[in-house]
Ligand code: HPA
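One chain is shown next in structure tokens, namely the form predicted on its own.
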């Protein structure tokens, strides 16, 4: 007999059996946002290895833990880390966690990531609220079977909710952090981009570039969630930094850690304001 393949709905049912009520806000912590987990009043937690279907990534800065608790007084799910397309995971695996929390009762998701700045004003240490994206991954997570009750052809004209974007910018002001808006371009990685690619991306209208977030945003919208996304700009994109600068993941981690406190204040402020708004 073939082993039953885990589904997001089945894993969500498992989670619901172990909790009394499900938070409406889900937060996915990307590189540079790990400190947010320390601000959560944890009520329950699970290793990704305990949750059927959750892929376990291997990238430093993505620990692989699901938290349920409160952040700044607002009930939250927190995904500490993600699986990346460049690690060899399928799109179904990359989006599994977000789809699970949608099935578990989440209605809003905040996705976070580290990104390289293309627009001149987006310098290392700044933050960008996503207003739109360009999918340069070469694959769409909505390809294949359609989840029950979800649209086959998703309207992608407004992936990132305007009200949530305003709340993020206000949370930034509360935290003393300037949040600019911009267009995020997702590439498959894992190599960093070439200077010629960055010049092309700038012509496409991209303000920042990274290797994640777009799959989860599309999957969340297909499931009916309101979506917000936030990038920590950790480096100037290829060809835009000092002469001879070498891009490394280690340097991204160092720059992300330097703004970790600001990232935590910003995300906590978003949760607090959203709790008041809801």
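Keep in mind the model is a prediction, meaning the values are calculated, not measured. Numbering follows the first chain given and starts at 1.
Another form exists, predicted together with this ligand; not displayed. Remarks below refer to it.
*Asks:* Within 4.5 Å, heavy atoms only: does residue 192 come near this ligand in the model of the complex?
*Replies:* Heavy-atom contact with this ligand at 4.5 Å: present for residue 192.
*Asks:* So in the model of the complex, does residue 116 come within 4.5 Å of this ligand, heavy atom to heavy atom?
*Replies:* Because a heavy atom of residue 116 falls inside 4.5 Å of this ligand in the model of the complex, the answer is yes.
*Asks:* Hey, in the model of the complex, is residue 215 touching this ligand, heavy atoms inside 4.5 Å?
*Replies:* It does not: once this ligand is placed as it appears in the model of the complex, residue 215 has no heavy atom within 4.5 Å of it.
*Asks:* Going by a heavy atom distance of 4.5 Å, is residue 234 a contact of this ligand in the model of the complex?
*Replies:* Residue-level check for residue 234: yes, a contact with this ligand.
*Asks:* Exactly one residue in 36, 66, 211, 227 has a non-hydrogen atom within 4.5 Å of this ligand in the model of the complex; which is it?
*Replies:* The residue from 36, 66, 211, 227 that makes the contact is 211.
*Asks:* Where does this ligand sit in the model of the complex: which of 104-112, 67-75, 159-167, 192-200, heavy atoms within 4.5 Å?
*Replies:* In the other structure, the partner sits against 192-200.
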